[in-house]
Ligand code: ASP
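Let's start with one chain on its own, the form predicted on its own, as structure tokens.
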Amino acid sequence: MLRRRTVLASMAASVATPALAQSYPNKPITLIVPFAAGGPTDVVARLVGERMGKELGQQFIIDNTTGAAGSIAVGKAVRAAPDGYTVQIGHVGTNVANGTIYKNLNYDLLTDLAPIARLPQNPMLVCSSLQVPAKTLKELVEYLKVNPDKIPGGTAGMGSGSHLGALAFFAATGTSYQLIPYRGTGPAMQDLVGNQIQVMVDQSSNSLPQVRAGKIRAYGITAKTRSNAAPDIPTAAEAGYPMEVSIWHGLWAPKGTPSEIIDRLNKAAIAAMQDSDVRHRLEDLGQDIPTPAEMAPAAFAAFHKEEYARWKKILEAANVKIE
């Protein structure tokens, strides 16, 4: 009798999954954002989420869950029901670096979430407040060397994109500055504009609008070539400091989310990336759009694994960790 019940339960589950996928979605979808409103991840989430909502016929509700460089938000996604109604957006910091930095995470970043789609990536800008006397990247490096560890600089938290960018900057220039963690890049940028902090290596999607508005100064971009969105900003390599760091974003669902639902979400994400208005707005912020092939769940999973191994070596070498 027990075996018969088990078989019947298995048959019921196999029938229920396609039915669930066919009716999906029939209510709003929560999109967990690991940082405060106004930051670069939040900007990408709102642009992509709005367009995916139109594609799926349901609204994406933004849930800004801040703290611990995104690890709280990721944990919230891991614990959510695997029914497709909770999706998490993250980046190389929240869903890669945190796995090395935080030794006591109660989840595995490579196995406890299901990859949905790779999203845009963008290089970093080395920026300062307007009160900093340096006018070029070389002058900024000299300014930091004359004032070792005295200049306040901001990050969105340990393991954030701006933290990883700062580590890359330190390695390339042989300098350092005070790393002051914020609960998101938005608040850090406000203090950079107000000269409460003086330096930040920040995602171009967040910093470029402030540069254009004349509120902060940009010294260099961490890419091989200049950005079409800001051709007047030289690469760091042009000043003699080769530094290539791009912060990519992605979408994940809780482990166990039916593959049919993952596929629907993936198709909606691809449609968002192919939307001309969305592409224009992202590219205007210096974002690079992945191809549909790069966005496929399997391709994104492989890329995620490679990035995890790459940054694990970098972070362990820098001895960056939180017990």
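It should be emphasised that the depicted structure is a prediction, and the values quoted were computed from it without experimental measurement. The numbering used is simple: start at 1 and walk along the sequence shown.
Separately, the form predicted together with this ligand exists; it is not shown, and the next lines address it.
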Checklist entry - Can any non-hydrogen atom of Asn95 be found within 4.5 angstroms of this ligand in the model of the complex? => result no
Checklist entry - Does Thr41 reach this ligand in the model of the complex if we count a contact as any heavy atom within 4.5 Å? => result yes
Item to check | is_contact(His91, this ligand) in the model of the complex, heavy atom dist at most 4.5 Å | outcome: yes
Item to check | Gly184 within 4.5 Å of this ligand in the model of the complex, heavy atoms | outcome: yes
Checklist entry - Since the chain is shown here on its own, which stretch among 134-142, 217-225, 158-166, 101-109 would lie within 4.5 Å of this ligand in the model of the complex, judged by heavy atoms? => result 158-166
Next on the checklist: Could you pull out the residues of 186-219 that have any heavy atom within 4.5 Å of this ligand in the model of the complex?
Outcome noted: Gly186, Asp202, Gln203
